[in-house]
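Only one chain is given next, in structure tokens, and it is the form predicted on its own.
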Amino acid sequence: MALSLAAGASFEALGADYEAARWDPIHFKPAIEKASDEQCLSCHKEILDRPTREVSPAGFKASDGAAWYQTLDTYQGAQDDFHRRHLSSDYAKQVMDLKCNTCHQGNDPREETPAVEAQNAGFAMRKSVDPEKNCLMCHGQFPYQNMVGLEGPWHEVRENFDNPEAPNGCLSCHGEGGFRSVRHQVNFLKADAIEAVAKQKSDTCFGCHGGRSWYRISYPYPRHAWPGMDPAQPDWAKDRPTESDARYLAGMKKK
């Protein structure tokens, strides 16, 4: 009989060894799709508990440099762990509603790569996360060439839009009655909170859609229809989806 964490107990409490835990149904679909953070963290709590290094293996002190995510005013404090920044930090709690299985959808150990060199041969790395379906959804860059009225990258032209009366220059075009005013309607974000904070400073928007973009790769965001949207699609928007993936809409109330 397979062990299960359905009741929220840890594998240690069940007396399970590593191999039994590895093959537990909670690590596979469909069980992982309904796994709670409590179940995941009953075994993986070190993800949120382990401290960050004060000094790198090469001897560089964290206090002597700034990580890329510290360069915007949407982040406060010292360098911190990746998972804490996305799950338990003050900012994460304010604007995000990420769960462990938002990114981790499980994998079949029989399909894992037998060696690092084989990862490009159709095998998956253990607990792999697809950056195109996860990371880039929030951290994909939106090329300025696709934006009407922008003559250069945002960090170069932002001063032309920001002013004391309207501190978020992004909303000069993307505010009510503007372009792409229907956004963030997915179950891992707090859309209303994001919109409220965005009115105060443009780094709320630029933080994800530019300042923290991964590898400067453009992500083909779903093009949700907004009031007054021009039915004619520009070339760059052709063939884009008009809705987010179904699993990111689960539990959402349509507006």
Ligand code: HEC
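Remember, it's a predicted structure, so these values are computed and weren't measured experimentally. In case it trips you up, residue 1 is the first one in the sequence shown, and so on.
Unshown form predicted together with the ligand; subsequent notes refer to it.
- In the predicted bound form, none of the heavy atoms of G140 sits within 4.5 Å of a heavy atom of the ligand.
- The ligand is not shown here, but in the predicted bound form it comes within 4.5 Å of a heavy atom of R240.
- In the predicted bound form, the ligand sits within 4.5 Å of a heavy atom of R50.
- Although the partner is absent here, N163 sits far enough away that none of its heavy atoms falls within 4.5 Å of the ligand in the predicted bound form.
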